[in-house]
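Shown next as structure tokens: one chain only, the form predicted on its own.
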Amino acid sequence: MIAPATFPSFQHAYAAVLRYVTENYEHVNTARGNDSHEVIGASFRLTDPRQRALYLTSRPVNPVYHYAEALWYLGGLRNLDLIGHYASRRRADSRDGTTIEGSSYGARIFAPRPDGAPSAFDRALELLRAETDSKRAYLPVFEAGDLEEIGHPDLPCLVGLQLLARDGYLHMVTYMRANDANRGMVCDVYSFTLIQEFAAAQLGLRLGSYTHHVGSLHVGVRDLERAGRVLEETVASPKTAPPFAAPVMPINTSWKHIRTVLEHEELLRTNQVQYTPADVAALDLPVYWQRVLLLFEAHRQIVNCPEDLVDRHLLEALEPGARWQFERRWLTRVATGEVA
């Protein structure tokens, strides 16, 4: 038995995964016309799941979308209002123009059952509180019914999440049927490790390791050039740690905090309010979640006032790593007129 390759941060894992798939691919897959280089059956492990962010100039990421997607999951939502606002491409996943069914993982994990029974997440946490060493705290996402409509693009890539409490730590194992190593994996690892950290807070446990298993791990042929630029950048400093300390979710984070963030995110998204750092500081939220709301305010300013720069005091109040990402991702797009 060979354990998954282990990395101190996702940035290290990301570079290693891209190199492995691009240099050692086993198949050229053409599913639904998307040519890709594919490896079957791959895994890696993160020793510190909080180190979930990328800080690469060759691969700018959008921290606003990262938090929006994670909150969309935690909210148990299916509708397009939130997720479609921050990534219009997600609207292509909808069958009816208003909801997403397959990739709305949070609706399958966090939403109460139609019969009023607790969510899968609540039942898993109840199990772990009663049986600390349980192996049964599994949160299924992919269902047999997802195979019924052949050809629809919106099938869950996530099979399920498994929570394992061991020696005071909460570990998580993710099972993916398929993952695009250059695109979807970046967002998935961010959201799933944030869910893991939230679960650890609910259980009063320290954050353990994160393991990511993938059935079909692939890189699109159209992305090989960009993957090459990432590898060039990481070759220059292969063992350099991410330049920012990872923010730590407060152990007292509650569902009330999540609901409050979602309520204010909607107000910002619909441009009903505008917040200064002082306004957000007055809310009943830990600083960690205040900074998330400040990202949504920065996004509101760009969308509604693209001709203006984001308020300097707001930028200074952001979590430093998120500010670095935001400036490279969004302010560059504003300068070129790409603000959608």
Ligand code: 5HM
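Residue indices: 1-based, along the sequence shown. All of these numbers come straight from a predicted model, not from anything done at the bench.
Quick note: we don't show the form predicted together with the named molecule, though the next part is all about it.
A single residue from the set I251, L155, A87, L127 has any heavy atom within 4.5 angstroms of the named molecule in the predicted complex; that residue is L155. Just one of R269, R229, R177, R91 comes within 4.5 Å of the named molecule in the predicted complex, counting any heavy atom, and that one is R177. Among heavy atoms of G184, some come within 4.5 Å of the named molecule in the predicted complex. Contact annotation for Y105: at least one heavy atom lies within 4.5 Å of the named molecule in the predicted complex. Contact check for E197: every heavy atom lies farther than 4.5 Å from the named molecule in the predicted complex. The shortest heavy atom separation between D188 and the named molecule in the predicted complex is within 4.5 Å. Partner proximity in the predicted complex, defined as non-hydrogen atoms within 4.5 angstroms of the named molecule, places exactly one of 242 to 250, 155 to 163, 114 to 122, 202 to 210 at the interface: 155 to 163.
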